[in-house]
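Consider the single chain below, provided in structure tokens and representing the form predicted alone.
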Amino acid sequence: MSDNQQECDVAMKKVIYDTDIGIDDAMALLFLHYSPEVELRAIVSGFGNASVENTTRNALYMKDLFQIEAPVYQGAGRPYSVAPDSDYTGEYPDFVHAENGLGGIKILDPLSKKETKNGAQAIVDLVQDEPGEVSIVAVGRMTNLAHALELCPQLPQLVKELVVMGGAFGFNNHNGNVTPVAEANIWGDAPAAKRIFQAGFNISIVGLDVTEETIARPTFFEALRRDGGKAGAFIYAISRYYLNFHYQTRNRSECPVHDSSAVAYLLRPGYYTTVEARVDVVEFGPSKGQTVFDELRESRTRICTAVKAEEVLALYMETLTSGRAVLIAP
């Protein structure tokens, strides 16, 4: 059977990628782009790892560089709970992702343009066009989704599944990375996260409990550079800044695989152990962004508690070094 015949036999996943493109987000975007199981319908940008202007620019730059067909929609530039007429000014983790969000590599001005429709409206329209068929992989703040939910209260029933990279629940002794109790994506817009987690989506949460157990080391990035063509070389280049940050904070040359873990769950949920639970988020105060849960049977929310980390890394490597990835790379 030819590669094309095999790909036709795979049940394609129609995906909206909601992202604040920094280094690990870029890795996850290429994971989605090169997976033969994914039909990427849209990239929706948001603030987080960098300003929304920079994350949108990064999405458009990658769209051009890797010939990604999916349109790019610019989403929220400030938290859900901030009034539109406020003087909100964000602070972004340039010490993690560099000022441009992509490890400080040289970025050319993209030729592609963002769509005129805003990110939240695009999410609603795409899901309404194909109810029950579109999955959302959300690896940044939950702000775009909270605005989309406001536009369309029926959204949780229309989305096939929502996979979130965010939160920490104490499994495997992992609790927070921006405060002792909070993960960055949830902390960055806790009211939006609370709204989404309690809205009734068919949701899987891939938090620090498992992403911190999935570790990429220099040999992983070297293999990508050697065998992954243009995409592998790009990932190697942007990972230099990221590895340096983690070396300074951990005294080890390695980094957790955060956002790509959400893609891995979408593609291979069997690699993960989960519990069904009701999830809440602390919105304000010293514990802002803390995710708490009560286990429930027959809940539509699943929390990842354990992972087959080597299988996840192998799936990423296989996807980025496959014949398909090399052949369609420009």
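Sequential numbering from 1, following the sequence displayed. Please read these numbers as outputs of a predicted model, since none were measured by experiment.
What follows is about the form predicted in complex with a small molecule, which we do not show.
**Student:** Ok, T291, N58, S261, N49: which has a heavy atom sitting within 4.5 Å of the small molecule in the model of the complex?
**Tutor:** Spelling it out, the residue with a heavy atom inside the cut-off is N49.
**Student:** Considering I123, I205, V139, A193, which brings a non-hydrogen atom within 4.5 Å of the small molecule in the model of the complex?
**Tutor:** That would be V139.
**Student:** Going by a heavy atom distance of 4.5 Å, is N177 a contact of the small molecule in the model of the complex?
**Tutor:** Because a heavy atom of N177 falls inside 4.5 Å of the small molecule in the model of the complex, the answer is yes.
**Student:** Under a 4.5 Å heavy atom criterion, is N185 part of the interface with the small molecule in the model of the complex?
**Tutor:** It does: once the small molecule is placed as it appears in the model of the complex, N185 has a heavy atom within 4.5 Å of it.
**Student:** I'd like to know if A148 sits close to the small molecule in the model of the complex, meaning any non-hydrogen atom pair within 4.5 angstroms.
**Tutor:** A148 lies outside the contact set for the small molecule.
**Student:** Is M165 near the small molecule? Define near as a heavy atom within 4.5 Å, in the model of the complex.
**Tutor:** The answer is yes: M165 has a heavy atom within 4.5 Å of the small molecule.
**Student:** Counting only heavy atoms and a 4.5 Å cutoff, which of 124-132, 216-224, 252-260, 106-114 contacts the small molecule in the model of the complex?
**Tutor:** One stretch meets the cut-off, namely 252-260.
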